[in-house]
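In the form predicted on its own, a lone chain appears below as C-alpha cells.
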C-alpha cells in the first residue's frame, strides 16, 4: 500500500487529478513525488505538498493529513482501492469507472459526479450534487454505487441515468430531479420537491408518509422482488406504497414509500 500524507494548512485548495491506483501502481515513490498537481492555479509536484511512502503495486492507496481542501481525490479512477482518513474536497470520485473509494470523514459537493462504475462510501456527510451531472451535461451518474452514511445536500442524483445511491441521513431538496433511470434510497425520506421532472427510475423512501413533489400520483400497494437485493439497507418492510411521476414528464418514474415492520 502507498500512503500519501498531505501537508496543507492553507486556504488555497489543492487539486489531485490522476493521483489514483491505476496510475501509481507501476511507478516508484520517487516518480510519484514528481507527478503534477495544482496548488490553486499553479502546477506543483506532488512531493512539494505531501510525503509519500510504500508502493501501490497492490492497487491500494491511502490518504492522510490535511485532505479537506483537496479536490478530485479518486476522480476518474478505474481500479484499485483508495482510503481517505479525513474529510475531502470537491469532486471526490467524480467520473469514476471502477474501483472503490472509502472516505472516513465528510465529502464536499459533487461527490461521484457523473461516475460510471465503482463504489464510493462516505462515513460522514456529503454536500450538494452527489452523483449529479455537471452544469450543461445531459447525464449524471451512469453506473456504480454511492453510500452516504450521514446527510446529503440538494440535487442528489440530478440527471441520474443508472446506478444506486443510498443515504442514511436526511436529504436536501430536488433529489432525483430530471432522473432518467437508476435507484435512490433515502433511509430517512427525501427533502422538498424530490423527483421533480423525473422521467424514469426509482426513489425509495423509508419513514415518509406522502410524496414530496406535486407531480406524483398514487398507483398501488405491492412488494417488488428487487427490494430483496437491498434489504440489508432497508430492514424489515411491512408494506410498499407506489406512486408514479413526474406526470409532467410522462409519469414513468416511481416513488416507493415503505412502511417499516413493527
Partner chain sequence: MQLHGVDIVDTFAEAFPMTAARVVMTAASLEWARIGATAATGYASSVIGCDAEAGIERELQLEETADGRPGIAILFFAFSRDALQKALINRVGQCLLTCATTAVFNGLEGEPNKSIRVGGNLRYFGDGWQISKQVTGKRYWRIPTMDGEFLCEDTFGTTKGVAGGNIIIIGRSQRETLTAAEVAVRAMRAIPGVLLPFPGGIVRSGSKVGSKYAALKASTNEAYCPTLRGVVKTELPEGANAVYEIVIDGLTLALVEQAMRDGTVAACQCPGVLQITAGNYGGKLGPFHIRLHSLFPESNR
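Positions refer to the first chain, counted from 1. Predicted model, so just to flag it, every value in this text is computed and none were measured.
Omitted from view is the form predicted together with the partner chain, to which the following refers.
Checked against the partner chain in the model of the complex, the candidates 44, 230, 30, 214 yield a single residue with a heavy atom inside 4.5 Å, and that residue is 230. For the residues 193, 69, 64, 200, the 4.5 Å heavy atom test against the partner chain in the model of the complex is passed only by 200. Contact here is defined as any heavy atom lying within 4.5 Å of the partner chain in the model of the complex, and by that definition each of 162, 182 and 252 is a contact residue. A residue is said to contact a partner when one of its heavy atoms sits within 4.5 Å of a partner heavy atom; residue 218 fails this definition for the partner chain in the model of the complex, lying far away. Proximity of residue 244 to the partner chain in the model of the complex: non-hydrogen atoms within 4.5 Å are present.
The partner chain in the model of the complex comes within 4.5 Å of no heavy atom belonging to residue 207. At the 4.5 Å threshold, heavy atoms of residue 40 stay clear of the partner chain in the model of the complex, well away from it.
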